[in-house]
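For this one, two forms of the same chain are given in structure tokens, first as structure 1 and then as structure 2.
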Structure 1
């Protein structure tokens, strides 16, 4: 019996090891070919380590392909989006969950509908609206839609978090004579910090990686985010695998960095996001 369990353990361990390689090896391979020159890639050394480490690919990606500009745009768009989503989700969740007024439930339903809508359906009308407002090819043309599709989830996460916290602190503050804005800023905001962290991570992943809006709303070089930028880089560099690889690695590094720092939190956030309904 004990023998049997031992063998089972070894087999499952081997299987998990095998699948770990399946999950990670493609990314490792990407890192490898981003450091090779074309002679190696197209000359038989496809899978192995680079013989000559070609860091120039990265320099070329930065200088000629302007990956640094794309990176900057992505950082700007993503961080403003996160900031606005956090502000709007926390204020709206406070009003929906803690304040007293008629129509709260209906309002909550309207907001949650936003979570079910596939973003594709809004693509064309949004394109027309942004065009008429002259917001195509601007940062706001991306930030506003990202915010809109980020807040329903944000509100959902914050209200459910808030509903699990007793109201005593607020009541005490009210008795002490605090106004509504002070209660929000001094009591509620610090309390919902964990929910806001979850929202930030969730919003980061979805807006950093978003492709369809970015491809449709942005065509000017100077406003391209990483996803669009890399798509056009691929178009221009078809045969330069090394440079493309370098671009892909640069686009991935910030995410991996955040993940290494906060892996538990990131996993938890995305799972919370899925188990929303």
Structure 2
């Protein structure tokens, strides 16, 4: 029996090792790709180690392609979007889940309908609205749509998490003299950190990698985000693919860092949902 258990553990560990290699290899390949020139990429050495390590691809990406400026724009837009989504989602979820008022369930259904609206179906109406409000070629021209599409998912995740928290905690705080704002800030917010971490990751991914709105609503160079900046590195006649690879590596690093930073909180939120179910 013990031998069978050991064999099973070995097989599962080998499978996990294989899965890890398959998952990590694309990142390793992208790193190698960013250190090659066009001759190597199109000359049959697409998957091997670079014959000449072109670290100047990163220098060119920063200096000539202005990837650092695009990176700063993406960080600014994404950070403000995440902050606003977290604030609005947590407060709205608290009102929808913990307070009792007329039209509560109807309002929840209306908000969740937003999850069913395809983002590309709103491209033309949003363009006209932003044009009339003179928000094209501004940071807010991207932040407002990103927030609008991030709130329904944020409210759904937060309300699901709030439903697993005992109401007795809030009742005890109210007996001790806490007002509604203090209950929310002192009792609720610390408990819903895993849900807020999950919202942050989902909002980050959708905002950081978004291209359609960024291309349509932004045409001025100083407001372009990283996805648009990398796309603009493709030339009409020649394209330095190694520099594009360097830009993609730069764009990927923050994603990996944020997921490592918040992955523990996301796991807690998933475990809580599983226990509740």
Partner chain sequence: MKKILSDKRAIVLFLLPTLLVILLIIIIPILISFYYSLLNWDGIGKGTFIGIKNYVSMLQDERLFNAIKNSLIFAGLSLFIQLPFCLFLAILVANGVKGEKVYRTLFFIPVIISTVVIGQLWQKIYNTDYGLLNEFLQKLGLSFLKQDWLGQETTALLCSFIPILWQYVGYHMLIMYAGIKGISEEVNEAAMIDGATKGQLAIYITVPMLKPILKVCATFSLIGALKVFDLIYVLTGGGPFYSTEVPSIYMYTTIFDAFHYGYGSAVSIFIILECFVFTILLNLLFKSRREEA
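No experiment lies behind these values; they were computed from the predicted model shown. Residue numbers count along the first chain shown, from 1. Definition used throughout: the rigid core is the maximal C-alpha set that superposes within 1.5 Å between two forms.
- One of the two isolated chains is the form predicted together with the partner chain, namely structure 1.
- Once the rigid core is used as the reference frame, the Cα position of residue 212 differs between structures 1 and 2 by less than 2 Å.
- Comparing the forms between structures 1 and 2 on their rigid core, the Cα displacement of residue 31 reaches 2 Å or more.
- Here the rigid core is superposed, and residue 20 then shows its C-alpha moved by 6.9 angstrom between structures 1 and 2.
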